[in-house]
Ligand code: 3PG
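Coming up is one lone chain in structure tokens, specifically the form predicted alone.
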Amino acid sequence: MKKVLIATDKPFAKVAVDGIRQIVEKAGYELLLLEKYTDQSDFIKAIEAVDAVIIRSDIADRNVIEAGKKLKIIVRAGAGYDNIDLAAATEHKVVAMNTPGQNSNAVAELALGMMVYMARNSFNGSSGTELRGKSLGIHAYGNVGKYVATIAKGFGMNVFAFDPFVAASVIEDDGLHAVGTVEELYSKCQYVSLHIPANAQTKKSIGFDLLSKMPKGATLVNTARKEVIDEEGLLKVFAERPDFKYLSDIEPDCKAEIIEKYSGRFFFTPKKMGAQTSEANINAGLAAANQIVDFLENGITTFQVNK
């Protein structure tokens, strides 16, 4: 009997686990649970005898993958997959997948929620500003970016987008303004919402040169990954631009300095919360389970992220 492991330091909701179990057991597989584990060695031990594993933000590094002697597939329940060692997965003939789109609305609502919170001065009773009429740049027009754009248009924002992998006609057909360069995006927009992945090309790509181009009243919103930010450049912009604000679903490594020097100009969630809704939790978990069954039974690799 094939075995599927759910390894989640931050567990799925019970309804999601129940749904995953139903999918897995209907296929004739056994479901194993590893929740709220305290040491990576627990994950390494649990994966030894399973054919498939579902993770969230859990680290599937080389040690984990090498321990999975029977492992055939690992699915990250969510869009980002930088917590999987793709090279090790490929080397050991393990298919790695994500579940794109399942968390997109949850992340988008968080991004707009943080914008409202900061625009209204953290609801401290003082007079703030409105989002209507402000310019918003979507940096990477994927699933999350599209949801952010839809919600922002409902607020009456003027929405621009840059994505070198998406045709300008697609962006414009959705009622947005397509721009040709990332520099143009930042120079036009008071708000920029980041949705780029963390990879060799994007890590530390958002720094002083781009951020200093933003108009007066600049606010950067990061629901992507902290690694895409050049924190030295970020601190330089904070120091030189009293109007600059930074909102993030990922606490930066330089958090202490920002807290000390720039009160009222930042907001960081206490932990990564973009996908922390009951709906996203369920959607991503069920998608992961279905993808595992489709792969093990039919060899379907639609959402494979390694080669």
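Everything numeric here is computed off the predicted structure, so don't read it as measured data. Each residue number is its position in the shown sequence, starting from 1.
Separately, the form predicted in complex with ligand 3PG exists; it is not shown, and the next lines address it.
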Task: Candidate site Gly137, Gln190 and Thr219: all three near ligand 3PG in the model of the complex by heavy atom within 4.5 Å - done: no
TODO: Quick one: from Asn63, Ser57, Thr269, Gln40, grab the residue that has a heavy atom within 4.5 Å of ligand 3PG in the model of the complex.
DONE: Ser57
Task: Option touching ligand 3PG, based on a heavy atom within 4.5 Å in the model of the complex, out of Gly207, Gly128, Gly142, Gly80 - done: Gly80
Open item on the list: Whether Arg76 contacts ligand 3PG in the model of the complex should be assessed with a 4.5 Å heavy atom distance threshold; does it?
Closed with: yes
Open item on the list: My question is simply whether Leu247 lines the interface with ligand 3PG in the model of the complex - judged by any non-hydrogen atom within 4.5 Å.
Closed with: no
Open item on the list: Although the partner isn't part of this model, could you tell me whether Lys10 comes within 4.5 Å of ligand 3PG in the model of the complex, counting any heavy atom of the residue?
Closed with: yes
TODO: Classify Leu34 as contacting or not contacting ligand 3PG in the model of the complex by the rule of any non-hydrogen atom within 4.5 angstroms, answering yes or no.
DONE: no
Open item on the list: Please identify, from 49-57, 65-73, 237-245, 252-260, the stretch that has a heavy atom within 4.5 Å of ligand 3PG in the model of the complex.
Closed with: 49-57
